[in-house]
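First, one chain by itself in structure tokens, the form predicted on its own.
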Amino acid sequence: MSATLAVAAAQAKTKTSNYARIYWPFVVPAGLLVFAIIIAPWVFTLIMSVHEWKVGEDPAFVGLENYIRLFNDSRFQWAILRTVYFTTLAVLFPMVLGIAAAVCFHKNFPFRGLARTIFILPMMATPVAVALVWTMMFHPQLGVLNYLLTSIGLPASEWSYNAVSVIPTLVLVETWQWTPLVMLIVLGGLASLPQDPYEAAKLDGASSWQMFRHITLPLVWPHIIVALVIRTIDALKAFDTIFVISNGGPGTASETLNIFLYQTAFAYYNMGYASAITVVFFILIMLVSLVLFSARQKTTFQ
């Protein structure tokens, strides 16, 4: 019996050794690629975040001075507040409209496929191209939006040229482009729902709202959380639309963390300080992502 076990153990060891020889030639190139593309740049960023380094000068080690300066920088603090403000609006509106659109497009009606195709077209365009088109539409004198407003008797708006309205204006563009993404995710959840609960609810005399509130929403809630996670991370790191339409202006009225980071690195060439901003921004995104993924795992709809 012991001899049989010894033979089996030897065979298992040989098999594992063979697997290892086959396994490593595939793993090592992938590991090197991940190190070169992801790990090495982050290590370099961490190193530079504790140095004072401006382009054209030699780096000088300053320890945590960049981080201390960062949290005493009012411009950085305002950039965080604007990022939170922009992200909140840029997530809220696409989520609400995307869920509503998914419910509508889930129903059977003539030319439903064509309507769905038209609805998702904004998502297919590149953010820079979208921003350029909307920039022309937002022009106070020549833009088509003010022409439409004045033609129906409403006052013209300054849109992205006003410090008060610039962030809501940017949110309008984000909502127009990314509501279809939320719709597609939630629509996929709706398509997988069982029909038995709805048939039972109809027999009990439940209204459409009651079926949506007590059946549809709880069942599709995991898909909504997925859409919320994707949309939140995307809104936090939004750059293209803001940079093209307002470039952080007027003044610094729409200067989010991404724009502040860009200005610090490529307008003032302060790479050490910009690296510290990058590290803090990465930590912020990671914390938000962990909270949302935790909600995805633990939260149930009440």
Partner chain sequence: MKMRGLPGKIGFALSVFALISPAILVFLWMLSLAFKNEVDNTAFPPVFIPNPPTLDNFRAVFEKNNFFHYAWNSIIVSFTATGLALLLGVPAGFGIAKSKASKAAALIMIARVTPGLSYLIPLFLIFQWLGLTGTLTPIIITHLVITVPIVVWVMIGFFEGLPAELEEAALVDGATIWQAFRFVALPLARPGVTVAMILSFIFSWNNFIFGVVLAGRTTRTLPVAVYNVLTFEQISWGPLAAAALLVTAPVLLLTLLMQKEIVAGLTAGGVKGG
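Computed from a predicted model, the values in this text were never measured in an experiment. Positions refer to the first chain, counted from 1.
Keep in mind that the form predicted in complex with its partner chain is not shown, yet the notes after this line are about it.
None of Trp221, Phe119, Tyr85, Trp78 but one reaches within 4.5 angstroms of its partner chain in the model of the complex through a heavy atom, and that residue is Phe119.
Note on the partner interface in the model of the complex: the residue among Met124, Val164, Leu203, Leu154 having a heavy atom within 4.5 angstroms of its partner chain is Met124. Contact annotation for Asn66: none of its heavy atoms lies within 4.5 Å of its partner chain in the model of the complex. Although the partner is absent from this view, Ser275 contacts its partner chain in the model of the complex, with a non-hydrogen atom inside 4.5 angstroms. Taking the partner from elsewhere, His139 is found to have a heavy atom lying within 4.5 Å of its partner chain in the model of the complex. At the 4.5 Å threshold, heavy atoms of Val27 reach its partner chain in the model of the complex. Within 4.5 Å of its partner chain in the model of the complex, a heavy atom is found for none of Val50, Met95 and Val291. Shown without its partner, the chain has Asn258, Leu261, Tyr262, Ala265, Phe266, Tyr269, Met271 in segment 257-271 as residues with a non-hydrogen atom within 4.5 angstroms of its partner chain in the model of the complex.
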